[in-house]
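In structure tokens, one chain follows: the form predicted alone.
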């Protein structure tokens, strides 16, 4: 994901001379230093000073720049929520909500593994979706990263995008030029827009709504359900956590009667909570949330990360088991 993000930034830098990239001593890890080699006058590494990273980004945005500021998720928003809220989200020049700053974090969730529980950010979605004017994006693969980077560059206002540290399976088809459209691996017609979910697989018996690395797991779970129980499972990529796609969720609730959510985040306040909030107001059905069980992560070598995810039930097998066990409400 970091490589795709770096390449997308360079494309946007060529398209728009006002694109500026900021970093906080993690520019080599996030690969944004490649942008700096291409555009040295539009690249700034502020060092280990995340509050300064956000505040300087706000200043550049107030001067008319389109700013991408990046570091690890545990530091952004972990250390800088005050600056994010008051310096980026709160100012509304010309009546527009917030400043034109795109906060892009890597190393989110349990799959950070070897960095340990102190660096496994499990609260960021909850924090960022409660800040007014921010839109929150969680890409499932490199194609989504490229498309969402272009979308953020083309739309005014503050965004938060969270990427995984580890390599991710390809969910969407090849041709990730950042255009925002393409054929998914499932053959679904997909677009990457704020407030939209992508239906990667249709189904009539249950729905799995996932984001980030759990999207590919959800597709595996749907295959398991069909092979073992002939249960037809719809799979939604909820890459836009805020704004949430209430229309697609209500349709899924009405047509499948039960929804399971899966994410690499605390089950409290994350994407699953956003889905539950939306569905409860439109068409209440049984919902089960899978994610970190209101607990911190713990150290795990790269080869042990699947065991850490399994401990919290974030596996295709558990998704299939839990989705199949939910009571299904008939369409009313």
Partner chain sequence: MGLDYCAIRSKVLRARKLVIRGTAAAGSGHPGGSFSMAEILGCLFYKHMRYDPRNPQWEDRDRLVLSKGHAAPGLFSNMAVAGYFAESEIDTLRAFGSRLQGHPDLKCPGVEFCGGSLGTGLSYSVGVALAARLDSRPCRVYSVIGDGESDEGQIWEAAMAASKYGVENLTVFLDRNFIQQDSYTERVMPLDSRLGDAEEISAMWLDPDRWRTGDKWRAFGWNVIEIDGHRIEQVDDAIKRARAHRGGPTIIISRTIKGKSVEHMEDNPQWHGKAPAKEMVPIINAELESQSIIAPSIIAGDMTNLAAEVVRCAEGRADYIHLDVMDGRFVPNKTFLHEKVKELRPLTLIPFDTHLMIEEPHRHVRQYVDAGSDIVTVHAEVTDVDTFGEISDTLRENGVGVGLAVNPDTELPEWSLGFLPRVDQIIVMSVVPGRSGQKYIESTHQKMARLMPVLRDNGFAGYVEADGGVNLENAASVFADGARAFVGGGAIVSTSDVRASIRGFRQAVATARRRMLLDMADGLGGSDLVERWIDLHVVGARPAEVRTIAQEAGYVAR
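Nothing here was measured: the structure is a model prediction, and the numbers come from that model. Positions refer to the first chain, counted from 1.
As for the form predicted in complex with the partner chain, it is not shown, yet the points below apply to it.
The partner chain in the predicted bound form reached by all of 205, 249 and 256, non-hydrogen atom within 4.5 Å: Checking in the predicted bound form: none of 205, 249 and 256 is within 4.5 Å of the partner chain.
Give a yes or no for residue 195: in the predicted bound form, does one of its heavy atoms lie within 4.5 Å of a heavy atom belonging to the partner chain? Contact check for residue 195: no, nothing within 4.5 Å of the partner chain in the predicted bound form.
Is residue 216 close enough to the partner chain in the predicted bound form to count, meaning some heavy atom within 4.5 Å? No.
Are any of the heavy atoms in residue 280 no more than 4.5 Å from a heavy atom of the partner chain in the predicted bound form? Heavy-atom contact with the partner chain at 4.5 Å: absent for residue 280.
Taking heavy atoms only, is residue 93 within 4.5 angstroms of the partner chain in the predicted bound form? Close contact exists here: in the predicted bound form, residue 93 approaches the partner chain to within 4.5 Å, heavy atoms only.
Looking at 195-203, 78-86, 123-131, 218-226, which one sits within 4.5 Å of the partner chain in the predicted bound form if you count heavy atoms only? In short, 78-86.
Tell me, which of 110, 143, 99, 105 has a heavy atom within 4.5 angstroms of the partner chain in the predicted bound form? Selected residue: 99.
Residue among 276, 56, 305, 268 with a heavy atom within 4.5 Å of the partner chain in the predicted bound form: By the 4.5 Å heavy-atom cutoff, the listed residue in contact is 56.
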